[in-house]
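A lone chain, given as structure tokens: the form predicted on its own.
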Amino acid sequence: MNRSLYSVCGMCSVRCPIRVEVTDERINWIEGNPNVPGIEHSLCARGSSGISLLYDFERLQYPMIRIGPRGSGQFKRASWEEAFKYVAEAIGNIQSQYGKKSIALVDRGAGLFGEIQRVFLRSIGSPNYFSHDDFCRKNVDLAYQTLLGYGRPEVGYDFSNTKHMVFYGRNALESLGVREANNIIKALSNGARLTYLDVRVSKTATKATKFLQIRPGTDYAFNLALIHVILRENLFDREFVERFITGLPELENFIKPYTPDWAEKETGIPSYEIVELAKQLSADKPKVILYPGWFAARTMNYFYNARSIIILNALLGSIEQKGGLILAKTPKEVGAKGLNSLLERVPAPQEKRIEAEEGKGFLYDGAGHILHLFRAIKTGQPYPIKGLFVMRYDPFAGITHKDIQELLNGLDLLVAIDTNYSSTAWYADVVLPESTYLERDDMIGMQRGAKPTLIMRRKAINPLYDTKGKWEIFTGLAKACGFGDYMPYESIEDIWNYQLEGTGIKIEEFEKTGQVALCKDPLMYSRDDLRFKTKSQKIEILSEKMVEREVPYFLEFQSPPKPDIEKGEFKLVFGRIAVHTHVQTHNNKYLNEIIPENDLWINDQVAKQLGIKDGDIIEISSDDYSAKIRAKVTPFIHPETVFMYRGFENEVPFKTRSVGKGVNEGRFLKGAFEKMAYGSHTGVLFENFIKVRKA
């Protein structure tokens, strides 16, 4: 029997809409949803390999409880009832000794379907929800909030209609979202320019109109000079600036010393290139996009760098403009009723999250800073965190062994909830296996944008193993803990019907395309109607939010230290490759065959000085860790930098295809998790040096 259905991919966090074909209860085809503009049947390699994940016997298959030392891999199989009871008793013991707030949960970010785990955490009375965003987008998110009052998920980019894109190491064609990549290619085909800055020539750089190789850690200096030129030479959108930006005199005063000649000394980019780019952007305004990107946990100044990028967009008048940045509209703004929130059915915890106990001088929002969480687990300050839930996130795969041990020493309970056998699961006390995205239903999500749209993930087949969907896991835990009244759902339809109550939308309406739009046409505001979500309803360079948290408006640029190249010392940077998702997919049968391990990019002239040839096995080391890896000698990387694709060297023996292959960049980040970025307290992952020598 053949059938097909619409759902949502789960091979990375982009969550592309898909269509799935099933024959005799076996999935034989996945493609991008043909009804969605920008997708239209297309899917990336990771999305196409979802079938391999589904039928992989090396994924988690049943609940497990640890019976040996942590990290020994000694578990016993458990029933769901037994696992829930074990966790509930452990939570009770911890909370009776340390209080309700001593339990925390960390995930990849709420996203489209992420509310359910927060409902559980609130049900047991803890305020301590965290996401991985401190190691990803949080700087951009906070920068948008301070300037526009909108969060990063509320700002879209109209790539398909733009005239000029500027990317700062945003390797959009490798760490890709399908729709975004298609729209970027469409823009280039229509004659748009792409200016790309990076320490190396990535796949995206090869498509650029102009590639500017920049010294590592100096993006902020480049932007300060760009702002300097745009203001000095009156290249900005005066009408937009006068109507919508506050704090321009203070910005003009701050920016005076940051000339293109000064920036050339810091960045290595000739001053005339900065001046020429400013003139090109002015000519192309307002259809320009200076893209602050996703991964922004790079340097100590990156929150201020993200602010500088958004300020450049504002100066060029590209916000809420066709071909520029598009603000998301709420259901109410488009005349619709939004989804009912499950979270609002549960009383908010009385106790404060960790950040609220840490004083001022930094910003935070709805998800806590994971570095604060790590510190609380290690030190017990400002109060102890003794129980940790980790949901579809693998922090232990990206940190040092010393950090792993210190975290384990501080925890009485570690629960891993995942589809894959993650490194964190390997050390966990209890492992709760989530069904793959092809075997589970999720709560309805809303895609934000100028045309807000509801989207539904539906299971294509029943689970192959003893796994459960996320909503089943957390409602089961809540009931075991005695808080089932807050999560009284017996089926996914109970959740969907509650979410849709009052909207006038029926579950059946999702069957046609997998989505239900809340309005017919996208809503864009004219400049007469445009208002921002700040207190002044304008773009606040002098942010009220920053005043409240005692965070300075501006940060002077500090030149980053240079590595001693002659002694084989380099700055380590890393990034994603098109066929893998962080640490999640390296054991996937199909994707592992394409890219089984990584290598280390090193500049050809520097390599020659060190006696290293292309393909040589070399040793790389930090103060407390070393490994061997193959050298990729190339002229297309800055001499002060070495680069590797991330997420390799899995250490879980059960994953036989990927175990021990390649090198894990996280093991070299000694001390990185003690550093917190200026103003944001996010991660700082591109300020570590490593040593390189021929093995």
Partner chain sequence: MSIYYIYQDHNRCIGCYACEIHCKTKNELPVGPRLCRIIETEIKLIGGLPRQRFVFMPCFHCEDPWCVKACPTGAMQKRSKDGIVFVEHSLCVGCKSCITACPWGVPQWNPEIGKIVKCDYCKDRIDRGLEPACVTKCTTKALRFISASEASRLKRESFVKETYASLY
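Positions refer to the first chain, counted from 1. Keep in mind that this is a model prediction, so the values were computed, not measured.
Keep in mind that the form predicted together with the partner chain is not shown, yet the notes after this line are about it.
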Item to check | Heavy atom within 4.5 Å of the partner chain in the model of the complex - residue from Lys207, Arg238, Arg531, Arg345 | outcome: Lys207
Checklist entry - What is the one choice in His401, Lys589, Lys322, Lys506 with a heavy atom within 4.5 Å of the partner chain in the model of the complex? => result Lys589
Checklist outcome for this item: Partner contact check in the model of the complex: of 47-55, 647-655, 66-74, 666-674, the stretch with a heavy atom within 4.5 Å of the partner chain is 47-55
Checklist entry - Using heavy atoms and a 4.5 Å limit, would one call Ala627 a contact residue for the partner chain in the model of the complex? => result no
Checklist entry - Does at least one non-hydrogen atom of Lys203 fall within 4.5 angstroms of the partner chain in the model of the complex? => result yes
Checklist entry - Applying a 4.5 Å heavy atom distance criterion, does Gln515 contact the partner chain in the model of the complex? => result no
Checklist entry - Just to confirm, Glu640 within 4.5 Å of the partner chain in the model of the complex by heavy atoms? => result no
Checklist entry - Can you tell me which residues in 31-52 come within 4.5 angstroms of the partner chain in the model of the complex, by heavy atoms? => result Glu31, Ile39, Glu40, His41, Ser42, Leu43, Cys44, Ala45, Ser48, Ser49, Ile51
